[in-house]
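Just one chain follows, in the form predicted alone, and it is written as structure tokens.
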């Protein structure tokens, strides 16, 4: 994607400008999100025009001016070109996800991961999604696996509002229940010992919520899909580093477990990685 953009802009930008042009951008529905800093702001409209030229369905280009941050995982976006909007409908694996990019967290870069997890679920399972956002993992599981129940929790009221709408759009209201609240509180109040499978797709906070994830698992245990960020120096194994970190925490909780699968989801910075682990936890009697 980024290489094609560079070729389109090769005759319009100076060599130094091409060298600092971001290597990628996101397309969510009919909105493209770019990250152009001050050193390229004078070229931002030309970059936006090239993106629209490449992606004929894109109607809006937004520039992300801050990192994703805070409990609600939000970012600042500024309008660059096209329709002045932040709401769109994104299509993924046969599902529809309505989202306001200014009010809710959403990443199309997790598309493969969402499908990978959905393919593991079975129709008999009860699933707790602790950090569900607008419901992408939850709805995809309901559509692909036909799980009997998915509790889809998020602390962001706007995310839960869109999750409720997405549940209706995808006709999975009998399976997916969006719940507003902090995952720890919701589990303690109503979801202790109910889950066969727990999702923790919030790398910034997952580690501190491991005990709540375990608490929501059935008496015999179950699977936790765990996500985290890690810095790995040259020669270090990012997956192994996260396995060690989580393993120490689970051991302190007195649990038996094994990591069934690990993968690097994506690179998020120089030597910084997002890692996914599938962990089977056995609760002792």
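Keep in mind the model is a prediction, meaning the values are calculated, not measured. Residue numbers count along the first chain shown, from 1.
Omitted from view is the form predicted in complex with a small molecule, to which the following refers.
Problem set entry | the small molecule contact in the predicted bound form: residue 202, any heavy atom under 4.5 Å | Taking the distances in the predicted bound form, the answer for residue 202 is yes, it comes within 4.5 Å of the small molecule.
For this session: Report whether the minimum heavy atom distance between residue 177 and the small molecule in the predicted bound form is within 4.5 Å.
Result: Output for residue 177 is no: heavy atoms all beyond 4.5 Å of the small molecule.
Problem set entry | the small molecule contact in the predicted bound form: residue 78, any heavy atom under 4.5 Å | It does not: once the small molecule is placed as it appears in the predicted bound form, residue 78 has no heavy atom within 4.5 Å of it.
Exercise. Taking heavy atoms and a 4.5 Å cut-off, does residue 146 contact the small molecule in the predicted bound form?
Worked result: Flag for residue 146 set to no.
Problem set entry | the small molecule in the predicted bound form: contacting segment from 79 to 87, 155 to 163, 189 to 197, 115 to 123, heavy atom within 4.5 Å | Flagged stretch: 155 to 163.
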